[in-house]
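This document opens with one chain alone, in C-alpha cells, the form predicted alone.
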Amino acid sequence: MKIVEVQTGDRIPAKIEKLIFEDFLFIKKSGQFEFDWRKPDIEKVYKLFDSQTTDILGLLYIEDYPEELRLEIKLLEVQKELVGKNKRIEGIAGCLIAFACAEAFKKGYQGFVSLVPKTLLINHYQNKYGFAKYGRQLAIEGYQANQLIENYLEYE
C-alpha cells in the first residue's frame, strides 16, 4: 500500500480490514475523527490502519448498489492530523478509494465507484483521483479505477 511518511518518504506498513466493534473505543478515545462511526452499518465500514501500531488512520463506509453495478462511498474520513498541507502521512484517502475500486472489480462492476462530494472537494477528487462528474455525483470506473489500484494498493 502506498502510505508514506511525508518528511522521510519511508513506507508505513498498512492494511485495510473491516471495522470491528472494539475499534469504536480507539476512534472515540483518539478524538481524531469527526463523524460518529457508530451510525453506519458496521458491516460496511472499513479501517485503514498502521499494521505496526494498529492505529486507525482512515475510515471508509461503502454501500453496494448491485442493481446499478456500482459501489458508493458514503463516508470517507482521515484522521484530523493527517489532512491538509502539514500532514505527516500521505496516501490514506487514495488507498481507501482504491480499495473501494478493487471491491467493485471483485463484484464484477468494472471498478465503478461513485460518491457525492462536498463542493470544496470536487476538483480535488477529479484532479488527484481521476473522478468524472455524473450529475450531482462523481464516479470512477474501468481504466481510471484500475490506475488507482495500481498506484495505491500495488505499491512497491
Partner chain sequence: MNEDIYKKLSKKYSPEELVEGYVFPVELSEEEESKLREEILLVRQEKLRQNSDQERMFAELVRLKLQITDYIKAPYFDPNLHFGSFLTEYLNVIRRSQKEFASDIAIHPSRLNRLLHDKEDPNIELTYRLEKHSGGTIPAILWWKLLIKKQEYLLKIDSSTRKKEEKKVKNDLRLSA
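Residue numbers count along the first chain shown, from 1. Since the structure is predicted, the reported quantities are computational estimates derived from the model, not experimental observations.
From this point on, the text means the form predicted in complex with its partner chain, which you will not see here.
- Its partner chain is not drawn, but in the predicted complex it has no heavy atom within 4.5 Å of V45.
- Mapping the unseen interface onto this chain, H124 counts among the residues with a heavy atom inside 4.5 Å of its partner chain in the predicted complex.
- Among heavy atoms of S51, none comes within 4.5 Å of its partner chain in the predicted complex.
- Contact between D55 and its partner chain in the predicted complex is not found at the 4.5 Å heavy atom cutoff.
- In the predicted complex, V83, G84, K85, K87, A93, A102, F105, K106, K107, G108, Y109, Q110, F112, S114, L115, V116, K118, L120, L121 are the residues of 82-121 with at least one heavy atom within 4.5 Å of its partner chain, listed from first to last.
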